[in-house]
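Only one chain is shown below, in structure tokens, and it's the form predicted on its own.
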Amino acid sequence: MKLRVLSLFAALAILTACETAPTTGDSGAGKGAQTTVKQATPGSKEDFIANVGDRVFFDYDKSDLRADAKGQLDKQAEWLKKYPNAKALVEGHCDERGTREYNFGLGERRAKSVVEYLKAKGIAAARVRMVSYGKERPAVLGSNEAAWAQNRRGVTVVE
């Protein structure tokens, strides 16, 4: 009897796990294909990350903004203008090479480059703070150029 009851619960659990979530929108794949789309609330942290992008990258031992970083920061500035109540914390990060002290200074210079660019694009200084994490918070673990390139970054965190 116990085996029969357990079998029934197992079958029910399997059927429940197979249930599909309601779908919305056409994926463009044709033939009525449906996809589940979760929209971020406009003006939220999730909206900023998903629709704008929260990070820019730096070259090795540099704190000057690259052309691609400026393009990304232009998008961030436009979003911040659209949502004037949003504030931001800009984090400066480094790869693992160099001393802890040196990387804190480099991270600060990177964060400052981002903040100064956003201010030049019309974002009030009172809306943007900065912090350096140096090499203490890597985005990617590893001791190779691919990992280091992802860790040399400035991240804009919407508050």
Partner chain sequence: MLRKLLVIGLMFLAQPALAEVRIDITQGNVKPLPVAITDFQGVKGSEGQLGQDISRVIAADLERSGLFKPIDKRAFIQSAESLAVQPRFGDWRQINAQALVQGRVEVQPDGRLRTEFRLWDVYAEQQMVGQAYFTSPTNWRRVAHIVADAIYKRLTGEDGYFDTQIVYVAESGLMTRRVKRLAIMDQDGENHKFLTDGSDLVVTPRFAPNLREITYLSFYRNTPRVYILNIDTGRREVVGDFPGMTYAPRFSNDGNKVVMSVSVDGNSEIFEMDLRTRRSMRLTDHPAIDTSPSYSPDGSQITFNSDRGGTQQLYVMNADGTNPHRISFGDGRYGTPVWSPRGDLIAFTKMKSGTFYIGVMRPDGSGERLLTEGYLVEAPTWAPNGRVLMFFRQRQGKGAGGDSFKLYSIDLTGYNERQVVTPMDASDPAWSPLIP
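Residue numbers count along the first chain shown, from 1. Bear in mind that the values here come from a model prediction, so they are computed numbers and not experimental data.
The form predicted in complex with the partner chain exists for this protein as well; it is not shown, and the discussion that follows is about that form.
- [ ] Could you spot which one of Arg127, Lys70, Lys121, Arg109 gets a heavy atom to within 4.5 Å of the partner chain in the predicted bound form?
- [x] The residue from Arg127, Lys70, Lys121, Arg109 that makes the contact is Arg109.
Open item on the list: Whether Gln39, Trp79 and Tyr83 jointly form a contact site for the partner chain in the predicted bound form is the question; each needs a heavy atom within 4.5 Å.
Closed with: The answer is no: none of the three residues contacts the partner (heavy atom, 4.5 Å cut-off).
- [ ] May I ask you to check whether Glu101 falls inside a 4.5 Å heavy atom distance of the partner chain in the predicted bound form?
- [x] Output for Glu101 is yes: heavy atoms within 4.5 Å of the partner chain.
Open item on the list: How about Tyr60 - does it come within 4.5 Å of the partner chain in the predicted bound form, if we only consider non-hydrogen atoms?
Closed with: Output for Tyr60 is yes: heavy atoms within 4.5 Å of the partner chain.
TODO: State yes or no: in the predicted bound form, is some non-hydrogen atom of Val131 no more than 4.5 angstroms from a non-hydrogen atom of the partner chain?
DONE: Yes, contact at 4.5 Å.
Task: Touches the partner chain in the predicted bound form: Ala139 (any heavy atom, 4.5 Å) - done: Answer yes; at least one heavy atom of Ala139 falls within 4.5 Å of the partner chain in the predicted bound form.
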